[in-house]
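Quick heads-up: it's one chain on its own, the form predicted alone, in structure tokens.
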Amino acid sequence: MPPHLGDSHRRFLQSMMSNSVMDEQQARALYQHCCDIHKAQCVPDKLDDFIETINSKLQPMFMQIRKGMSEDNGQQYYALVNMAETDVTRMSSDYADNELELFRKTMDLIVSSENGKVSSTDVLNVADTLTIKKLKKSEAEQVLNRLVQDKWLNEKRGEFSLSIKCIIEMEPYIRRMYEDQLKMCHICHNVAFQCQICDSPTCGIKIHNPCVARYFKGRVEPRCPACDEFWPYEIPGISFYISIYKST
């Protein structure tokens, strides 16, 4: 028997349609609120089952609520995704063709970078190489601001990275377009942009920054999970131990 879609599910979906993306804490609070309003049973550890019931009804409409991890803070996020449009064309109603080309070139720079980030200077330099219609520096800056406001990009200290919304919604496109350039996290096995890379020439595995912190937490000595070589990077929460082993 297919799962029943109740009023609590519908209210949750309406909120997702309004917000498009929310972190796990917000999603759990919304789940509780929807169940309270409609006097439905709320089981704290069944949020994903609750969402799966919604997804079972969204499937014929090629929509889905997906879950993904933010590379900035390691938190889980939920996003409502249009499965029928899996590339940048999904943004065509909000952005002109040359603006989308700028976004594609920004993605190119981010994917090919070592740290999953690109400077605003590099992006603005690209704006003058667009094939559809070049953008002035001021126009390119406005486009970048809109991409940040619309949650397609993150900006911090003059550097841009792909937002969690972009990673969740664009993952099929990213996997298809950048198949040979993509880095995969050794721990969670998802696409990794901001990551640390084992510097052993015979290894070279990649680990998300948040996954690094979780994997090495509580370990006496940070060593690569694949080749067992010393892990030479700063690790949040245990950098004190790294400084000891580096000095010995």
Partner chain sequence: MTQRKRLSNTQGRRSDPLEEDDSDLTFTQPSTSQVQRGLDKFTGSQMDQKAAEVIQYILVKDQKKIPVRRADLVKHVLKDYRYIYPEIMKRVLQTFDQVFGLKLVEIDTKNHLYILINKLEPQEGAAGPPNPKMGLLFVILSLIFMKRGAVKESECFQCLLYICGERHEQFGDVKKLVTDEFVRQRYLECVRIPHTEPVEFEFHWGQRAELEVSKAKILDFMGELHNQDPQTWSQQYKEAHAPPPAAPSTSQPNHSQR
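None of the values given here were measured: they were computed from a predicted structure. Residue numbers count along the first chain shown, from 1.
The protein also exists as the form predicted together with its partner chain; that form is not presented, and the subsequent description refers to it.
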Report summary line: Assert contact residue (its partner chain, in the predicted bound form, non-hydrogen atom within 4.5 Å, options P60, P44, G218, P201) equals P60
Query raised in the report: Could you tell me if H33 has a non-hydrogen atom within 4.5 Å of its partner chain in the predicted bound form?
Result: yes
**Report entry** Q25: touches its partner chain in the predicted bound form, heavy atom cutoff 4.5 angstroms
**Finding:** no
Query raised in the report: Should L13 be counted as a contact of its partner chain in the predicted bound form, where contact means heavy atoms within 4.5 Å?
Result: yes
Query raised in the report: D97: heavy atom within 4.5 Å of its partner chain in the predicted bound form?
Result: no
Query raised in the report: Heavy atoms within 4.5 Å of its partner chain in the predicted bound form: which of the stretches 106 to 114, 120 to 128, 70 to 78, 89 to 97 has them?
Result: 89 to 97
Report task. Establish, in the predicted bound form, whether L5, N19 and N82 all lie within 4.5 Å of its partner chain, using non-hydrogen atoms for the distance. Result -> yes
